[in-house]
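Next up: a single chain in structure tokens, the form predicted on its own.
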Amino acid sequence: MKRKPAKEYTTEQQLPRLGTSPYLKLMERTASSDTNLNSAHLGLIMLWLGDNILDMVDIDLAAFDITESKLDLLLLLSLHADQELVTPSSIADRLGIRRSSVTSLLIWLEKRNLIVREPYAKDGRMTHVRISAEGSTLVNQILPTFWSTCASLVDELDKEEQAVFQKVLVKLNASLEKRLGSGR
């Protein structure tokens, strides 16, 4: 499974892999004196890991013509289907993205009949967003692949490593959610 480039390039046009060394050298020159360089290095690896994870998920979801961010929104709507009012603003707040990004996602999903946007019955100025029957069907088709992809992300770790990794990830995630003031 390979990451698909945005467009095909000749060998001369491709940027070579750099590895961490040039980034670490840049960090040594540009980080403030109170920055722990080892911690910054770990943070950089976490950023790259996050990017790689999203790429892996998107590759596996490509067969369904959807990305992780669009599936994330559909899952959110599925899990909040009993809410009387789900607004684009509340979606943006919950997902931690800009309102304009939510609007773009909603337009894409609505064009494919995966969601419905309708005026809120109690206040027509507000828009209620809900998952459609087609959206629910698609989510149910995708979830086995999604969960398999999630599981495959830790295939390289044995059971003990997975237990330690889970403890560390839960701790880091809780800390980040606290700093951000929101979470899943």
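What you are looking at is a predicted structure, and each value in this text was computed from that prediction instead of being measured. We call the rigid core whatever largest set of C-alpha positions still superposes within 1.5 Å between the two forms. Counting begins at 1, following the sequence as shown.
Only in words, not in the display: the form predicted in complex with a further copy of the same chain, which the text now covers.
- Contact annotation: residue 79 falls within 4.5 Å of a further copy of the same chain in the model of the complex, judged by heavy atom distances.
- Remark: residue 152 counts among the residues lining a further copy of the same chain in the model of the complex, judged by a heavy atom distance of 4.5 Å or less.
- Looking at residue 65, you'd find every heavy atom of it more than 4.5 angstroms from a further copy of the same chain in the model of the complex.
- Residue contact check for residue 116: none of its heavy atoms lie within 4.5 Å of a further copy of the same chain in the model of the complex.
- Shown here without a further copy of the same chain, the chain has 165, 166, 167, 168, 169, 170, 171, 172, 173, 175, 176, 177, 179, 180 in 165-180 lying with a heavy atom within 4.5 Å of that partner in the model of the complex.
- A movement of the C-alpha atom of residue 21 reaching 2 angstroms or beyond is seen between this form and the one not shown when the two forms are aligned on their rigid core.
- Core-superposed comparison between this form and the one not shown: the Cα of residue 151 travels less than 2 Å.
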